[in-house]
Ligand SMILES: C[S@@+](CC[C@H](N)C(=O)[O-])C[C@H]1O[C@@H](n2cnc3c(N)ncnc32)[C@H](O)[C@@H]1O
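This document starts with one chain, in the form predicted on its own, laid out as C-alpha cells.
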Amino acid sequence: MIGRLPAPLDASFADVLRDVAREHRLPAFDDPKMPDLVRAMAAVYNDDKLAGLRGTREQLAARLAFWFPRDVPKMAGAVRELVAMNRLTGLKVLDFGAGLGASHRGLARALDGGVLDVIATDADREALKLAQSIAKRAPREGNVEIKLRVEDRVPRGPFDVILIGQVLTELDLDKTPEQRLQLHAERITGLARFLAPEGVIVIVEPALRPRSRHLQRLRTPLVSAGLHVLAPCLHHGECPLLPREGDWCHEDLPVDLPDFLVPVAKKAGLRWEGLTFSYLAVAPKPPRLVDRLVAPKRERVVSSLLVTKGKREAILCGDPLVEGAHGARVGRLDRARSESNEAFDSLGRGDVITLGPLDEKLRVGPDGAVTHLELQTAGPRA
C-alpha cells in the first residue's frame, strides 16, 4: 500500500457527537432508537434512486451519529497516495456538497500539520449547521487546525483542494445515465476553473457497483476536457473493467468503525469491519501517481486475492495502450511459489505492483517476480 492507512475517529470524538446532537436536539448514537434510524437510513442509501431521502430530523440524526464517523476515514484513504507523493501543496479547501463535513475532516486526518482553511457549500443548511458545531467543538485533527466557514455559493477560489464527497450519488437522479454523465463532467470541469495552478479535485463515492461504475465512466469525459487522472488509475486510457458489468473499481481497507459505534452497527444489521468506497483524483496538471513509480510496467490490484484450490488470482488494471494483462485475472499456482513471487500471497485490493513474465494462461511462474512499488521522491511531468 502506498501512503498511510487511515484511522477511525478517536474514542474521544464520541463526546463531540453526543454534544452536537444535544445542541441540535437530536438523538445521539447511544439513544435506544438509533439502530432503527440507522437501519432505515441504510435502506435509503442502498436504493439507487435514493427515493426515501427526505432530509428529516431522524435522517439527520442518523447521518450525524453513524455516517459522519464512518465517512471521515474514506476521504483520508482517498488522499493517502496524494499525500505520500507531496501532491497536496496547499491547504485552502473547497468542500463542495459538504454535508456534515466528513470530507474535510478526513483530509485533515491524512495530513501531518498546518491550517486547513475550508469553505463548505451545501444546499442542506441544517447539515451545514451540524458541520459548524462539529468544527467548533473539535477544531483540530492531530496537528492540523481546521478553520471552517460556510457559503451559499461556490466562491471563485483559487483552491488548492476541492473535495466532492458522496455528492454525485445524490445529483440528477431523474436523468438518464448518459445525461448524468454529461452533467457531472460539466460540473467537475466547471469547478476545476476554481483550482490553484497545482490544485487537485478528489471525488469519493459509495462502493456500490452502479455508483462506482458511474465514477469509472466519468474518467473519459474528464480526460477529454483536459484533466489528468492522478489516482487510483495508472493510465489515461479507457477503463478496462467497464466492458464486464460485474466488475467495478473500489477500495476495501482494513479500517473498522470506532468502538463506540459497533453496538449500533450490530443492532442495525450493518457491517462494522472494513471500509469501502470508490474514489477519483484529477487535476489540470501532472504529476500523476504513475509518474512517481519506479518501474516501466505498473499494475493496480482491483480485486481481493482470489484463493481456490492450488492457485491464487487477482484482477489487475493498468494502461490498456501498453502491453500487459489489464483488466484480466492473473494468477500463480501454489506449486510455483518462489522467493521472487511470494509477494503474490499478500496481494490486496488497491496494491500497486509490477509482475511477470506471464505465461499464456496469465500466470506467474517460479522464475517470475512480483514486487510492490514505491514512490520516487521526484518525478517528471508528463
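One-based numbering along the sequence shown. Keep in mind that what you see is a predicted model, and the values were worked out from it rather than measured.
The form predicted together with this ligand is left out here; the points below concern that form.
No member of the trio Glu81, Leu88 and Arg292 reaches this ligand in the predicted bound form with any non-hydrogen atom inside 4.5 Å. A heavy atom within 4.5 Å of this ligand in the predicted bound form is found for exactly one of Leu171, Val262, Leu305, Val115: Leu171.
Note on contacts: among Leu227, Leu230, Ala98, Ile134, the single residue with a heavy atom within 4.5 Å of this ligand in the predicted bound form is Ala98. Screening 284 to 292, 177 to 185, 135 to 143, 119 to 127 for residues having heavy atoms within 4.5 Å of this ligand in the predicted bound form returns a single hit, 119 to 127. Not displayed here, this ligand is kept clear of Thr220 by more than 4.5 Å at the level of heavy atoms in the predicted bound form. In the predicted bound form, this ligand stays beyond 4.5 Å of every heavy atom belonging to Glu251. At the 4.5 Å threshold, heavy atoms of Val167 reach this ligand in the predicted bound form. None of the heavy atoms of Glu299 is located within 4.5 Å of this ligand in the predicted bound form. Contacts between stretch 54 to 92 and this ligand, counted in the predicted bound form as any heavy atom lying within 4.5 Å, involve Arg63, Asp71, listed in sequence order.
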